[in-house]
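Below, in structure tokens: the form predicted alone, a single chain.
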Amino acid sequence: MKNLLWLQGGACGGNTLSVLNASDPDLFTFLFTHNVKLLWHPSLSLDNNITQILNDIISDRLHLDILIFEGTVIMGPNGTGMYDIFAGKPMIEWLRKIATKADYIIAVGSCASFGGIPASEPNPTESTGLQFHKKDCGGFLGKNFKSRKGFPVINLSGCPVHPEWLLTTLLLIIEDKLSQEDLDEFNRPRLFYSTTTQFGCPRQPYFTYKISTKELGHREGCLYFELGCRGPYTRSSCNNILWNNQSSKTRVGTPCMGCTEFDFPSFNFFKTEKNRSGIPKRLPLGVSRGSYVTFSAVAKASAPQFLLRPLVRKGKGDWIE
């Protein structure tokens, strides 16, 4: 049996809600099937025995296989951690000790991975991620930290994380099939973060021929050119592993906000920033400005007529059909 402990720092609880939406299997079936004991969870556990559990882990009376941490590590005020008291102590005191006892540590969500929204300026709670602060490796545990199995903190970024990404990562750990080579430069499993959100997006033909939409919720047109979509340079599998098994932001006409990346949140969520020439300041991943300009001119001139005409007739007041 594997022991799993879920702790929560500066968080909205969105990752907990997300994993409760897991299906085929749901969370509890997964834990039962794979012989995982959930020692404690801030929202799901009925017993108020967390202090005893933490002390037993620290004193090696209880082995901790997997620690999942949701939310930021709150360091304020002035590095004391007193803004986040848990079980009678600053959470950072517990976390510093518990982290050395875990075989694996998973930072679930963008807050735990990179600091997310709470760590954005002016960051009054002095929040940070477990092993990254935005782009910089380090965070609370430091860049050289390794868990008992020799792994860095495994980051599952996203606001929130997709439940299937979490359960699949847990399964790889349980079956001892995860290696460090499976992680990218931000310690995220390549399985979910090696391609961009654009992969699988049904708007890809519109992107290819530079056909834009200026309306949210519309089925046609690409959201990148005017509405701030970050899909072409955000690594996620949101359009390959669909949410609720059926959808994603771009599929319902809402731009990708780049929530799996270290610089989330950005601003101007619904507006594409451009230079004086009208070219988006942030280009698709790996594309040079010269190549983009040349390709755009050719693509626009080559756009097929069936994409230039409305495919869906809209009536007054229509939203996405």
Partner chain sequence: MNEKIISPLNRVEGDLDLKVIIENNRVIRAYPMSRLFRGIEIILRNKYPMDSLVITPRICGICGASHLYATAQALDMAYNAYVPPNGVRLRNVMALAEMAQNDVRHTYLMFLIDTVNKKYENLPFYKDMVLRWAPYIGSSYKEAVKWSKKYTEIYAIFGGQWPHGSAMVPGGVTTDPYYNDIMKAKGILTHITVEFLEKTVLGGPLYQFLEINSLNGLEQWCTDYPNGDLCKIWNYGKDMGWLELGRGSNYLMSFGHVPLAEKYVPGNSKLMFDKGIINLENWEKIDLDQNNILEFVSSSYYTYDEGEKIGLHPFDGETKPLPPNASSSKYTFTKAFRYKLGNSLIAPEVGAISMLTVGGNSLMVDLVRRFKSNVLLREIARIIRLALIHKIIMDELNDYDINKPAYKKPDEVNTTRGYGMLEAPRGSLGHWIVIKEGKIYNYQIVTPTQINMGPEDPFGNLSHLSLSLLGTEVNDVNNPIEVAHVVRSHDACMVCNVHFFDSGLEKMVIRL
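Computed from a predicted model, the values in this text were never measured in an experiment. Numbering follows the first chain given and starts at 1.
Below: the form predicted in complex with its partner chain, not depicted.
For the residues 240, 204, 247, 180, the 4.5 Å heavy atom test against its partner chain in the predicted bound form is passed only by 247. Comment: its partner chain is not present in this chain, but in the predicted bound form one of 293, 58, 252, 287 has a heavy atom within 4.5 Å of it, namely 252. For the chain shown alone, residue 74 is a contact residue for its partner chain in the predicted bound form, at least one non-hydrogen atom being within 4.5 angstroms. Taking non-hydrogen atoms only, residue 213 never approaches its partner chain to within 4.5 angstroms in the predicted bound form. Within 4.5 Å of some heavy atom of its partner chain in the predicted bound form lies at least one heavy atom of residue 121. When contacts are judged by a 4.5 Å heavy atom cut-off, residue 66 does not count as touching its partner chain in the predicted bound form. The candidate stretches are 123-131, 170-178, 96-104, 146-154, and the one lying within 4.5 Å of its partner chain in the predicted bound form by heavy atoms is 123-131. Along 18-36, a non-hydrogen atom within 4.5 Å of its partner chain in the predicted bound form is carried by 18, 20, 21, 22, 23, 26, 28, in order along the sequence.
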